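First, one chain by itself: the form predicted alone, in structure tokens.
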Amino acid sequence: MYFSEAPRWAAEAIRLRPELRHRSLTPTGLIRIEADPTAWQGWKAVPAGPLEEVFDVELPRSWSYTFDFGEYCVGYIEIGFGFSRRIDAPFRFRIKLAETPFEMASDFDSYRGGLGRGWLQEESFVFDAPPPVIRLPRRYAFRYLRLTVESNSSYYAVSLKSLRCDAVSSADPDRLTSLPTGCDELDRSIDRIGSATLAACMQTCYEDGPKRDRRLWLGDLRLQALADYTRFRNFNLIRRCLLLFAAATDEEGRVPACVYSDEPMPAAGNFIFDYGVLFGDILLDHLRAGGDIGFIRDLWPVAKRQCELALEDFEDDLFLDRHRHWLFIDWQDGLEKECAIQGVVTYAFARTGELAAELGCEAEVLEYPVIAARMRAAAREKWFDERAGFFRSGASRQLSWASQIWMALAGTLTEAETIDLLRRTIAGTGLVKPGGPYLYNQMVLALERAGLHDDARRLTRDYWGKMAELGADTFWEVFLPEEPLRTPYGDPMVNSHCHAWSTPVYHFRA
């Protein structure tokens, strides 16, 4: 154990485990799923009759109904059945839950993705003596629910008495902050959907997605915390998540990319180089948002250690990919990442140095501003194409949004040059664009930090506004308008349609 404080941090994280708030949600109607080539992902939900047709009536031996709950739900399903006579054979039913019409229309048995099939929400249940109300043990995330009974006994008849979701979240709706003046209906729609996304992901930690992966990721936490500082202001949940990461560090003191559990000690998941080094950046955001300085000072050694570890992968002030770590940056096939990684680390050193100054620990890291300056100079010399006015990356000298975003955040260019770079990146052609909302969020952050608030708002409206236009209840993990079925996992069925890194509400209040 690198940090002797880890058990204490874990105990404090357990103490901060929040109580979940409950809401009872019931279906708003019956639907059927129909193919429609003009609909997003090729499927749509169509009204299929009033709820009165299926509740409190005798149903046939085999039946299947699909319910629309009218909004995104995260919680526990409770089903009430009525039986006309004593049960002479086990009662069996199936449920299928989906975030989107496409997911409901998909045949889960045909799934061929790289992630576990267990994330797909379809299960069968058998009861020899079913209670009046059956509460399913697993938590689900969905809007649509299909309930199916097949070949039931002919001896007794079944009626459906009730169906509800006990929805859970640690978000306090009474703490919602208002949008600033000057926002229009599209802004309000984006903000409403983004807030629903954030609340759905706020469970006992900030989950990255309540359907999949249902765990705490550091890169997601950075964006969620920024959103929550201006939305629900749940500082204790943010503190808890930071403590979980600190307590889960490995024997070198490296912060994991994700955490699986928290009792008695959190279990570390895999490690992502460009996530861990940003730990100090998250602490600085927390401090400036009003976090407790004593708490942040307690975790300062963890932030400092991430910078020390990052330097092990640099030579002559340049990042050298030794293929020891997972480099994420973005879900984009063929993305050259060296330049962007250099920007992430440079930015992390600058921000961690700022954190040290605000904590009164600057004497411990006097070299950080010098290191960051050398990294900027080395990056400009190696990757900046003066003729094109863009940063290139990799052996192919690739042009990408990722390189420009992180070089801008790193302060590699002058203020005027940075403004010009970001605007030309958005307007330009021939650059590899982001593969999803995570990197789009980084672009909006870069625009905000450069003072380009109108540009940031415009990009937010163009990108997340398109999701709103397409009927999103919550913002999606993967979204490229020109590729409705894009997935990084081999099968779009397993994509998350409520995902932490897709929350843009911070930008309206930045």
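Numbering starts at 1 and follows the sequence shown. As the structure is a computational prediction, the values presented were derived from the model and not from experiment.
Beyond the structure shown, there is the form predicted in complex with a small molecule, which is absent from this document and is the topic of what follows.
Contact with the small molecule in the predicted complex, defined as a heavy atom within 4.5 Å, holds for exactly one of Asp285, Glu123, Asp213, Glu362, namely Asp213. For the chain shown alone, Asp208 is a contact residue for the small molecule in the predicted complex, at least one non-hydrogen atom being within 4.5 angstroms. Using a 4.5 angstroms threshold between heavy atoms, Trp501 counts as touching the small molecule in the predicted complex. In the predicted complex, at least one heavy atom of Phe328 sits within 4.5 Å of the small molecule. Among heavy atoms of Trp217, some come within 4.5 Å of the small molecule in the predicted complex. Of the candidate stretches 334-342, 217-225, 307-315, 183-191, only 217-225 contains residues with a heavy atom within 4.5 Å of the small molecule in the predicted complex. Contact check for Phe279, Leu445 and Glu448: none of the three has a heavy atom within 4.5 Å of the small molecule in the predicted complex.
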